[in-house]
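Have a look below at one chain only, the form predicted on its own, in structure tokens format.
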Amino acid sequence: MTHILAKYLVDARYEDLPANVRKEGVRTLMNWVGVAVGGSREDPVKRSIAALRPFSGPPQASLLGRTERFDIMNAAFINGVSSHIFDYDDTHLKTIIHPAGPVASAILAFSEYHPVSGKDFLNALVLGVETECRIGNAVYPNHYDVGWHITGTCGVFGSAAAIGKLLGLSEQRMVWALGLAASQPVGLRESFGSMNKSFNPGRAATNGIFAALLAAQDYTSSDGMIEAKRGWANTISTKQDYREITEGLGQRYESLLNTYKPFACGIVIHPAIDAAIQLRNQYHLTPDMIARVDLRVHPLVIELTGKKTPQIGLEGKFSIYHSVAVALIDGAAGEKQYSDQAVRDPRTVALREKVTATIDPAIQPQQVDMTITLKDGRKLHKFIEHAIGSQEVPMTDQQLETKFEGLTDGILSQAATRVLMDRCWQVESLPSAAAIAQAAVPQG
């Protein structure tokens, strides 16, 4: 399996990518740049800079949304952290992998040091996403259920594959790169609700670069590190479906299944937020009108987001109670609704105490059944089959731009934001992909 995947990665050309795959790759890039700039002023980024600055090498690459420059390894790590802080990044719903963080963070930093055309950049991004998501398909959900953070454990393969492609690795060296990536799984679900969660895609980006650079110098690994008896898949999962990795390579693209979040929190909360906002807007609800909110949800919702009394913004992202409350109060669930201040707001605290979530095995993870009981006795009902931002109800390009503008507000000027968005949309025509990173640096 490792050799089959490596051969595909080595042979795959930009010209082979179907137009819809290229388009979705551009949308993936667009969304990632916005969330990376948006998270650039948050505490985990500041702490990462303070911790790593004394040990950083030459200033080779930009930190999106900031003026500091770091070596490629540390820049990739920090941009990966920044892009995941708000839990607002892209999501491959089949595996709950956030694909862009590990891959885009790695190749954008690399492109500032090693010349990369926009077409080659996009090809590497798509191939990296394809690699991590296919490997994720092979072990999901068992691998995830036992406690691994799949974005980190599979993201490292995406980063290694993408960097290996840009380095022009041979098939054997690509095999070694994937093998070295397999030796570096990172991320546990216990980290959710803490800064450690955003560490995982950042570290996966760095680990993938590390693997590809070593392989380029003939640093060897096993030739079957993914599928061997004591290899990656058998060691960290009780499920191994290797057909998911190799079947339809170059014909079926996982990147077409990527989705983009309209809400800055765990994906399983999105149906409840969507329902709350729709009912709020339809009936012009205010908190003082509401007696109780009853939800029927899939068991995974409570497992992942059952924090009833979050104390900080990061915990709020894993609280369906907080999320429904802010959605009803503000009609939104962006990064501002997940600040420490928002989580402790007395109005929000009072309303979230009226929210009850009950497990119903008949409800699918992408669904919710919401009933709001008003103080005047009326009952308002909403069932969400597919939330906005899903494959069935995708965000439009214009909605992605609106999200992007909200994330960069206060960091980049409106004019600079427009330039940055245009460079993302036009990545395929850029002589150098580094122009994207350069446009993401605040001026003055």
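For every residue, the number given is its place in the sequence shown, counted from 1. Predicted, not measured: the structure shown is a model, and the values here were computed from it.
What comes next is about the form predicted together with another copy of the chain, which is not displayed.
Q: Indicate whether the candidate residues V81, G231 and N234 are all in contact with another copy of the chain in the model of the complex, with contact defined as any heavy atom within 4.5 Å.
A: Result yes, every residue of the spot touches another copy of the chain.
Q: Could you tell me which one of N207, S323, S111, T95 places a heavy atom within 4.5 Å of another copy of the chain in the model of the complex?
A: After the contact test, the surviving option is N207.
Q: Name the residue from S255, N74, T305, Q337 that puts a heavy atom within 4.5 Å of another copy of the chain in the model of the complex.
A: By the 4.5 Å heavy-atom cutoff, the listed residue in contact is N74.
Q: Would you point out which of 263-271, 277-285, 138-146, 125-133 contains residues with a non-hydrogen atom within 4.5 Å of another copy of the chain in the model of the complex?
A: Result of the contact check: 138-146.
Q: Spell out, yes or no, whether the shortest heavy atom distance between L180 and another copy of the chain in the model of the complex is within 4.5 Å.
A: Heavy-atom contact with another copy of the chain at 4.5 Å: present for L180.
Q: Whether L52 contacts another copy of the chain in the model of the complex should be assessed with a 4.5 Å heavy atom distance threshold; does it?
A: So L52 counts as contacting another copy of the chain.
Q: Hey, in the model of the complex, does Q184 get a heavy atom within 4.5 angstroms of another copy of the chain?
A: Contact with another copy of the chain, yes.
Q: Just to confirm, G224 within 4.5 Å of another copy of the chain in the model of the complex by heavy atoms?
A: Heavy-atom contact with another copy of the chain at 4.5 Å: present for G224.
Q: Using a 4.5 Å cut-off on heavy atoms, which residues of 177-206 contact another copy of the chain in the model of the complex?
A: The stretch 177-206, when checked against another copy of the chain in the model of the complex, contributes G179, L180, A182, S183, Q184, P185, V186, G187, L188, R189, E190, S191, F192, S194, M195, N196, S198, F199, N200, R203, T206 at the 4.5 Å heavy-atom cut-off.
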